[in-house]
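For reference, the chain that follows is the form predicted alone, supplied as structure tokens.
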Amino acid sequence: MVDQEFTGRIALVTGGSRGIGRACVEMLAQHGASVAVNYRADIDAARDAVRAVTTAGQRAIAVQADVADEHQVQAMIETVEREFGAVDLLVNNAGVFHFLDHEATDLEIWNQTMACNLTGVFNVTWAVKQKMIERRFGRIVNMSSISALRARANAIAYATSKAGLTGFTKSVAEALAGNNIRVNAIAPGLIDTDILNGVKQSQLDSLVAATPLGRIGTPEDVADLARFLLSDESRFITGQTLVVSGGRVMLP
């Protein structure tokens, strides 16, 4: 069932072909938006996400780009604007994760992680913000992680990139607030996505036991919060990082 909340709005979801990104794509379409589904390499998954949207009666396109590459991002935005119009709603979801101890974390891993998780968010945000400023409307949600909020000895590059994303979110929110552009972040905890592939069941059981609500989160749990932050229901909220972790991380 489609409501009218985002009707007439153009949305872009980076890393939108699977997991949390895919859930955000479907959520936006369910609420009336036209959706551009960004992917880096898996065209089949992106096309499947597009089919799910078009079957539901909404407009969608797949747009390829490595968000770490400024030129690819610019070409992607030009395609979205040509097909649909300027981006109103942006979900910066694309990211990479390496579970490695400090001895295995080398400069190549560090640079790759920062390029995608932090510079990639900068590239896409900067590619859309000027037209948001001109139209005096924009809603941006950055996908962070609870790793930004606590020590991660086996994911140093990832945790650092997500902590940087928290700072980016706050600073850009303040810079753009006068143009009716709101920027917020979501910090998911343990979510049932591909990132769990290969994780031992004993480790999962331990993480669930440490979660007060007693379960692994779903991509839809995150997408529902993204909908709130993109909607007028959150009209007085900007520069915030909201945690979706079942209580495993609780902020003051």
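Residue positions are given as counts along the sequence shown, with the first one as 1. Quantities reported herein were computed from a predicted structural model and do not represent experimental measurements.
Separately, the form predicted together with a small molecule exists; it is not shown, and the next lines address it.
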Would the small molecule in the predicted complex be within 4.5 angstroms of a non-hydrogen atom of every residue among 149, 239 and 245?
no
Residue among 155, 96, 114, 176 with a heavy atom within 4.5 Å of the small molecule in the predicted complex:
96
Taking 4.5 angstroms as the cut-off for heavy atoms, does residue 223 touch the small molecule in the predicted complex?
no
Find out whether any non-hydrogen atom of residue 18 is located within 4.5 angstroms of the small molecule in the predicted complex, and reply yes or no.
yes
Quick check on residue 139: any heavy atom within 4.5 Å of the small molecule in the predicted complex?
no
Taking any heavy atom pair closer than or equal to 4.5 Å as contact, tell me whether residue 196 reaches the small molecule in the predicted complex.
yes
Have a look at 223-231, 28-36, 47-55, 60-68 and name the one stretch with heavy atoms inside 4.5 Å of the small molecule in the predicted complex.
60-68
